[in-house]
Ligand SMILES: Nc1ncnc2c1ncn2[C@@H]1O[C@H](COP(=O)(O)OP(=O)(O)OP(=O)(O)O)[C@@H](O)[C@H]1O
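What follows is one chain in structure tokens, specifically the form predicted on its own.
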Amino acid sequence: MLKAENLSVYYGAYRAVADLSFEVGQAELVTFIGANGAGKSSTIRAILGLADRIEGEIWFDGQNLKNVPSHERVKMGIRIVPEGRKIFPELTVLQNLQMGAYFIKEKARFNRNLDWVSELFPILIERKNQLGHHLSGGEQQMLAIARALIGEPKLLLIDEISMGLMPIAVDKAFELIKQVNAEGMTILLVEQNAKKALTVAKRGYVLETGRIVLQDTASNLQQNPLIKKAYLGG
């Protein structure tokens, strides 16, 4: 579904990501773990076509993204749950969801998708007429996930979903990620909370200073002594 070859990301003269090669298979849940500044979010921005300068190749669903603008990548089926949630605080819950499916013109199709996210996030539908800024942090995160899902993604990018959330909300968010993946959604999860990320992922890549230093199955990474010491508190 997604493949990168020798991917480098620059901001001015600064190289945030250096020669990354990775892939995410159909219906697979893959995670990037690493400390703040490791290059995880920059990789996400490159996939979306939002970085200042990108070198290397990115392929999505068999198509090279080199000359594809960001808005066309969205139409192709790439969606993001952004770091910090970034919902529209002055819009209602329902209006936020409508923004996530802005290009879906058929009412029946939108309603079908709305029914699906309603099953996943019943609390949001109960509060569909509330403004976004009236929701709790955990509810806003649910809304950010639902807004991405309602647009029918082929690939869901999730950037630091646990950031700023209480532990109970983090647990709920990861339960939802696992459930959506079990239903066949392809997910690339970028996350500082390595323990949680490796619990739900199939495979993982470890990033340090813009480079992949280790890749393995999630279960093997959980047992790796270096990963335990550096990221899992053991």
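The term rigid core refers to the most C-alpha atoms you can superpose between the two forms while keeping them within 1.5 Å. Counting begins at 1, following the sequence as shown. Small disclaimer: the values here were computed from a predicted structure and weren't measured.
Just so it is clear, the following notes concern the form predicted in complex with this ligand, a form of the same protein that is not shown.
Asks: Contact between residue 160 and this ligand in the predicted bound form at 4.5 Å, heavy atoms?
Replies: So residue 160 counts as contacting this ligand.
Asks: Do residue 31 and this ligand come within 4.5 Å of each other in the predicted bound form, heavy atoms counted?
Replies: Residue 31 lies outside the contact set for this ligand.
Asks: In the predicted bound form, is there a heavy atom of this ligand that lies within 4.5 Å of any heavy atom of residue 83, even though the partner is absent here?
Replies: Residue 83: yes, in contact with this ligand in the predicted bound form.
Asks: Do residue 56 and this ligand share at least one heavy atom pair within 4.5 Å in the predicted bound form?
Replies: It does not: once this ligand is placed as it appears in the predicted bound form, residue 56 has no heavy atom within 4.5 Å of it.
Asks: Using a 4.5 Å heavy atom cut-off, which of 23 to 31, 64 to 72, 175 to 183, 36 to 44 contacts this ligand in the predicted bound form?
Replies: One stretch meets the cut-off, namely 36 to 44.
Asks: In sequence order, which positions of 10 to 34 have a non-hydrogen atom within 4.5 Å of this ligand in the predicted bound form?
Replies: Stretch hits, in order: 11, 14, 16.
Asks: Is the shift of residue 163 between this form and the one not shown large enough to count as movement, that is, does its C-alpha move by 2 Å or more after the core is superposed?
Replies: Yes, because once the rigid core is superposed, the C-alpha of residue 163 moves 2 Å or more between this form and the one not shown.
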